[in-house]
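Only one chain comes next, encoded as structure tokens, the form predicted alone.
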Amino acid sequence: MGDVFTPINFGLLLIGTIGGLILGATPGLSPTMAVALLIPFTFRLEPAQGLILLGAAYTSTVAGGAVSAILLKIPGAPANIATTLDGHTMAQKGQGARALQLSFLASAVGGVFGVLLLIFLTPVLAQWALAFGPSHLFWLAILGVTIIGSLDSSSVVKGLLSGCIGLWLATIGFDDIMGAQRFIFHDAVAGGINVIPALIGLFAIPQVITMFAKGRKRLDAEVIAVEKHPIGQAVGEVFRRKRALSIGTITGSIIGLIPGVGGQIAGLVAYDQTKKTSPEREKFGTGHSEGVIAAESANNAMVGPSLVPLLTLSIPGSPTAAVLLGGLLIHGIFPGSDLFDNYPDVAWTFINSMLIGQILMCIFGLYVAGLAARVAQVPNAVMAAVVLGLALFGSYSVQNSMGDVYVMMALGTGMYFLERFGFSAAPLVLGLILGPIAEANFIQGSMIANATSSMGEYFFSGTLNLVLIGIVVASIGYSLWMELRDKRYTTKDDAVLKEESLS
């Protein structure tokens, strides 16, 4: 814990926390994009320092999104959608400060619980992951792509196609084993596609184009003034609402452990379960404090557990965790079974900083909320220019190469058009990051199989292999079933509306 309080580390923690709160409150700047834009600024830092900055930004952007959700009725991130339901109504009733205080206090409680879960679960799972061989790591990489591919897109097929595009992009460049050239159409990609320019381009450029398309318009929403409210009353209210706080915290922690689900689902599920079990369910949607507490404790409780599968199995639990995986690899740290053996100082400093970061997020959140809401009203064109400048600087600074800038712009522009057809950047990025891991373990496994048994026996036998393959098939099958069920309900609803309009 002491390493977190060295002047440089603590300074970075403060910068990441305050910057994350402001970025999170800005609609259009998602936590994933904010973390991707920050990665180039960590190149000159020690690995632990870089991860402290990225971890603090991740934590604070999720909580900061509540500011615009409450004061503007615009969620700063998808994780804050449920917060708008009661938070903005409270603000309209002149209780904006109370809603913000409840939001940040509940976020801190949920966040601290989530990080404690990360502290106690990660070493245990890391020891268990020591049993993984090349075939298991290959299936884990495929599992990571399929889970996020099937859950983070409007369509399972489109999500899996995005993942396949990412896997294909990962093959561009020279083959590490044979040295053969693969898909090199331009000198800019002769050495393969660097992960950082790709991350920046895929997450930032589509938003930049969208913001430029909206022109110089300010957001139509009006910022509601924040009145004074005693903090002591908010603290007492959060702990009086034990049921909402418990449901939000536990729901968020469990959902965070499931790779690919994310804070949006955590907030909505916690809100729904709290409403169903509340004796005051008729008050939900009318500015009920339980709605804010449940949603915000859940989306921040998700942050810590979402890093458990990342740090132990190299499977990101959320799109932002996928970007953090890129940050780890850039610093030469490969998460997995030997993370705590090879890099114990880095791993524990990073995890401890997230615990302290939750408390700092709460303290600063209560003070900078009003300022963050004003920043959210910056005209779209100005915000787009700032993000584009950061994206160009960040991409060029990776290798001092204009080739990376071309790659970033090309991938970002392509992603803008893909998003218009319902494709998502998260599975594509994961395919790009996990592709080399899958390829390296497949080749290593092939060599072992040729020396000991057949390919089929090595990759398709054994309990762990079969369990992983079963989870891959089950995740795709479940997502397809859910998609078909939703379409059937939508068709029924449309038919009912059509009948009502004709009658």
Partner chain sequence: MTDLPRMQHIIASGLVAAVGIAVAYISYTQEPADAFLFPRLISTVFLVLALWTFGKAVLGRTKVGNGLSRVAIINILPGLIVALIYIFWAAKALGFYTASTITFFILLSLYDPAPHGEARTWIKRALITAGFLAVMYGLFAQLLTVFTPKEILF
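Residue numbers count along the first chain shown, from 1. Since the model is a prediction, treat every value here as computed from it, not as a measurement.
FYI, the form predicted together with its partner chain isn't displayed, but the following is about it.
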Partner-facing stretch of 293-301, 410-418, 339-347, 273-281, counted where any non-hydrogen atom is within 4.5 angstroms of its partner chain in the model of the complex: 410-418
4.5 Å heavy atom contact, residue 185 to its partner chain in the model of the complex: yes
Proximity of residue 192 to its partner chain in the model of the complex, heavy atoms at 4.5 Å: no
Its partner chain contact in the model of the complex: residue 243, any heavy atom under 4.5 Å: no
Its partner chain contact at residue 227 in the model of the complex, heavy atom, 4.5 Å: no
Sole residue of 327, 134, 75, 394 within 4.5 Å of its partner chain in the model of the complex, by heavy atom: 394
Contact assignment for its partner chain in the model of the complex, among 366, 125, 385, 254, heavy atom within 4.5 Å: 385
Within 4.5 Å of its partner chain in the model of the complex: residues from 418-454 (heavy atom criterion): 418, 420, 421, 422, 423, 435, 438, 439, 442, 443, 446
